[in-house]
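Here's a solo chain for you in structure tokens, the form predicted alone.
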């Protein structure tokens, strides 16, 4: 199925920053659109993110002609064409936002042409069948760091649950408790509560009143004091998982921590940035046993799949994640189901661009349940 039309425009993301939206049309008239997020706290090795103006210009001039009549039915071959046109290791010519938007829109259009769901199309390129497996949710209930204007150094406090219903219930209870204690109920960048005066110890104790399976995203590369705050909290609390507890260049600290805490779920994000080669290095150095997958860190669907496969083959857990500056595109929900992710991170329950992902997950779950 050949691509016959490709066009890009600028739209706003959840941080009121410009991002790119791509529309494609195939030879049978099937159409689709896709838009891409941008991270607020970024890993240094993420693929290059171009300005929305540059991305739109590249698509509407160079790529609208260069990709015309290219077959989109094979994800790997189509994405490889994008990689070849870019010609760099980090998407510095086209931008990872440019290539990902086209990768998603084309895959979605082909799924539409075949009258199948996007997750079904993507799963054809995964060595694991979806079956009855469905990702658990790491629901963001309180946030700090770069995502909030408060005193919390740690970026994310998450409740790990198996259903949207449970996550919503815990989120609302935490919100109610924060208000009852007299703290502000401001909403952070990713839809969670971010009280302005609360300290980390009390934040954890509030969540523990309603749930005991708690995870932290320390985001140590973004906030200097975050590692210190994490170490303090670890003395009195047991966490289900820890993400980015050390800076992305502190490889030895990661290895040492995992050696000392072999039963801890240690999650790598900024240190590997959805890059299969960096994940391989992390596996060799035993830095983690779980990984965050963010397709916009690498730039195409199939490169994201490659990162998943490398991590899974080493026994690492897979966590598919949104970004700080999001759009209403719900692609990440389809992708998480397609790659049989162990967990997902979609944010809190108080911003439309986050709710879109949860609602898509609910819709997929209903469809799979009917099919089974």
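If you're wondering where the values come from, they're calculated on a predicted model, not measured in any experiment. Residue numbers count along the first chain shown, from 1.
Beyond what is shown, the protein has a form predicted in complex with a small molecule; the following relates to that form.
- Residue 306 falls outside the set of residues with a heavy atom inside 4.5 Å of the small molecule in the predicted complex.
- Within 4.5 Å of any heavy atom of the small molecule in the predicted complex lies no heavy atom of residue 50.
- Though the partner is left out of this view, residue 70 does not reach within 4.5 Å of the small molecule in the predicted complex, counting heavy atoms only.
- Mapping the unseen interface onto this chain, residue 41 counts among the residues with a heavy atom inside 4.5 Å of the small molecule in the predicted complex.
- Per the 4.5 Å heavy atom criterion, the small molecule in the predicted complex is contacted by stretch 147 to 155, the sole one of 206 to 214, 147 to 155, 227 to 235, 128 to 136.
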